[in-house]
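A single chain, nothing else alongside it, follows as C-alpha cells in the form predicted alone.
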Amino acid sequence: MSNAFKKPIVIAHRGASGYLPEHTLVSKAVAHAMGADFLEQDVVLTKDAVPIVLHDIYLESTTNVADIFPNRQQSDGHFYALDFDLDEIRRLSINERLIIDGNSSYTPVFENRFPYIENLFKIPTLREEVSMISGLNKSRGKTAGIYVELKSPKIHWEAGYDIADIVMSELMRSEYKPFGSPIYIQCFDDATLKYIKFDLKIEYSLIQLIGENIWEEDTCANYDELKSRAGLQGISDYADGIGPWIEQIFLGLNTSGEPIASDLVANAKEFNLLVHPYTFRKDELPRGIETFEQLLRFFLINQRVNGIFTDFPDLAINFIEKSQYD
C-alpha cells in the first residue's frame, strides 16, 4: 500500500516575505514565479474606503509614515490606515518590518532579511494586486489563487466601514469571483465569516483563523472554545477550514526528543475541515525544532495538514516535490 497522500498547498505568507518586504507587489510576483499555490492578501481600508494590502491596521511598522506625516498618530501612538486617504497612502514607502522602541530607534524584526531601503516600494491597493496576479496568471500560464484576510472588522465597523461588504464587492469584479479562480477568505472574527456566508450570501471558501485569547485580537471570538471539538463542529457550519497557529498543533518534544502533537488536526478532520496553519519561517522556528525541514516534516508528513502559510514558499515547494503525494 502506497504511503502517498494528497499534495498540500503552499500559501505565500504576505508574498515571498522571507526575501522581500511583505505585501509588496514584487514580493507577490516572486512568490508567483516560485510556484506558490496561493498568495496572501491582508486587507484594511483607507479613510476613503479603498481596500489596500497591509498586514496591520496601522502604518508605522512597515512604512515611513512618521516622517511624511508627523503628528498624525492617535493618542495610542499608532498611525491608523483609516485616518489616511488613498492619495496620502500613495505618498508612503513600504519597507521591511521594524521594531520601533520608545527612543524612535528602528530594529528589523528579522535581521538577515531584505535591508531597510526607503522609497523603493509602495502599498498596493487590493485591485492593483489582484490585477497584477491575474496578469501573471495569463503570462505565465499558471493560475495562483489568492487568500484574502479581512483585518480587524470590528474596528472598521465601529468607524463606520463594512469591510466585508466592501472587499467582497471588490473581489466580485475580479476573476476571483465565486466558482472562478481559486480563492479563500479568512478572518479571526467568526461573526464576520458568518456575515459573509449567511447575510451577504457570497459563496467563497471561508477559513476561520484561530489565535490565542491573550493576543486580544479585534474580535469577540473565544479561541479556546473554537479549538474544542464542539467549537470545530460549530465552525463546520459556516467555514471550510481553520487556520491555526503552529504552536497550537506542535506542543514541544517528549523525553525521547520526539514531537508532541495536539489533537487539533485530527479533530478538525473529523468535521471535514481543512487545516492551513501559520506561519512557517526558517528564521523563527518553534522551540524544540532545529531545522526548517524538520518543521515541514512534522506538519506535512506527520500531521498531514492541507496547506501551510510560509514566508519561504520555495523551500516548502522543494520539500513537497521531494516527498510522496498523490
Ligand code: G3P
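Since we're looking at a predicted model, the values are computed, not measured. Residue numbers run from 1 along the displayed sequence.
The same protein also has a form predicted together with the ligand, omitted here; what follows describes it.
Have a look at 253-261, 59-67, 38-46, 293-301 and name the one stretch with heavy atoms inside 4.5 Å of the ligand in the predicted bound form. Partner-contacting stretch among the options: 38-46.
Consider E149 of the chain shown here, and say whether it contacts the ligand in the predicted bound form, taking contact as heavy atoms within 4.5 Å. Flag for E149 set to yes.
Touches the ligand in the predicted bound form: L126 (any heavy atom, 4.5 Å): L126: no contact with the ligand in the predicted bound form.
Is the gap between Q186 and the ligand in the predicted bound form 4.5 Å or less for some heavy atom pair? Q186: contacts the ligand in the predicted bound form.
So in the predicted bound form, does L209 come within 4.5 Å of the ligand, heavy atom to heavy atom? Yes.
For the heavy atom contacts within 4.5 Å of the ligand in the predicted bound form, list the residues of 13-35 involved, in sequence order. Residues within 4.5 Å: H13, R14.
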